[in-house]
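Take a look at this single chain in structure tokens; it is the form predicted alone.
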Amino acid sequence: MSHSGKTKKQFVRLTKSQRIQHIILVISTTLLIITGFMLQADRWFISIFGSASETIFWLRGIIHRIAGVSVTIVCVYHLIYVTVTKDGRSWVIDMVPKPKDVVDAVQNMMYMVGFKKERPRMDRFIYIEKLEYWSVYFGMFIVIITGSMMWSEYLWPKFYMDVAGAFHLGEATLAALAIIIGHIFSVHYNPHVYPMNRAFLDGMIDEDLMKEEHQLWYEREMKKIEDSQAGVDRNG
């Protein structure tokens, strides 16, 4: 409900399929980060758990591999999804970077430091969301390839394994920082939606937030509603 007592319009931000893909990706990536960085703190675990640490690290390896397979499956599914489904094609088309994104980024920074009085009029996905989305493709390509190499280490010379390990750890560190500092802060600690943006759960965005952060998308969706209503009135 709005402050005036009127019910706010709700618009679909994420479809059911998109929400399921997102949740699987979140759970799998979280498990990968936790179980992956456990290896970097192996001495700490051994000093605390002693003889039990061997069992803990055996379970860590199993969980890490299961999460890795889950991530790979959801990434492959997503590639198919954005290729063969209407919603998927619409999603990836709207995610394509445009020159306007650069202008929006500059203007939004000027707005945040007080040099502009109004935010730029942005579309369905803003420049930060596009950057996050395409960086996932880049990051997942690296970790899936290097992870597969490390899983089948007996097939590769030591030099290749050393390179794969360095890339795997480096990309995992960048991904963890991007998720914790970038995504969680910008999505869940955004003052407009704090403490949580519920779109990943219910798939909806309310009218006020849509008008403020995705004005061009809002205007386009409202025009569709008006055109549809006008068609019903004519036929009625």
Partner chain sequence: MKVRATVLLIIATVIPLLLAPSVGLAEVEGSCTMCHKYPGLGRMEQTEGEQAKPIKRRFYINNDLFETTYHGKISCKSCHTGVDKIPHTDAPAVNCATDCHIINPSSNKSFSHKKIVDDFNDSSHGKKGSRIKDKSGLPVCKDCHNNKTYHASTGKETDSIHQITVCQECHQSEEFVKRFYEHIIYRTSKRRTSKEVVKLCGSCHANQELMKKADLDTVVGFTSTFHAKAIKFGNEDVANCLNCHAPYQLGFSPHRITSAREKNSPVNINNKIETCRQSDCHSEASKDFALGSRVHPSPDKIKFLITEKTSNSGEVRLIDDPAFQAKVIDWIQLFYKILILAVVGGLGSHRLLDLYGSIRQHRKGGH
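Residue numbers count along the first chain shown, from 1. Predicted model, so just to flag it, every value in this text is computed and none were measured.
Omitted from view is the form predicted in complex with its partner chain, to which the following refers.
> If you check in the predicted bound form, is residue 67 within 4.5 Å of its partner chain, heavy atoms only?
Residue-level check for residue 67: no, no contact with its partner chain.
> Does its partner chain get within 4.5 angstroms of any non-hydrogen atom of residue 30 in the predicted bound form?
Heavy-atom contact with its partner chain at 4.5 Å: absent for residue 30.
> Counting only non-hydrogen atoms and a 4.5 angstroms cut-off, does residue 195 reach its partner chain in the predicted bound form?
Outside the cut-off, so no.
> Find out whether any non-hydrogen atom of residue 49 is located within 4.5 angstroms of its partner chain in the predicted bound form, and reply yes or no.
Yes - in the predicted bound form, heavy atoms of residue 49 and its partner chain come within 4.5 Å of each other.
> Three residues, 142, 185 and 212; all within 4.5 Å of its partner chain in the predicted bound form via heavy atoms?
Yes, the whole candidate spot contacts its partner chain.
> Counting any non-hydrogen atom inside 4.5 Å, which residue from 26, 62, 39, 201 sits next to its partner chain in the predicted bound form?
Among 26, 62, 39, 201, a heavy atom within 4.5 Å of its partner chain in the predicted bound form occurs only for 39.
> Looking at 73, 95, 82, 163 here, can you tell me which has any non-hydrogen atom within 4.5 angstroms of its partner chain in the predicted bound form?
By the 4.5 Å heavy-atom cutoff, the listed residue in contact is 163.
> Residue by residue through 170-189, tell me which have a non-hydrogen atom within 4.5 angstroms of its partner chain in the predicted bound form.
Residues within 4.5 Å: 170, 171, 173, 174, 177, 178, 181, 182, 185, 186, 189.
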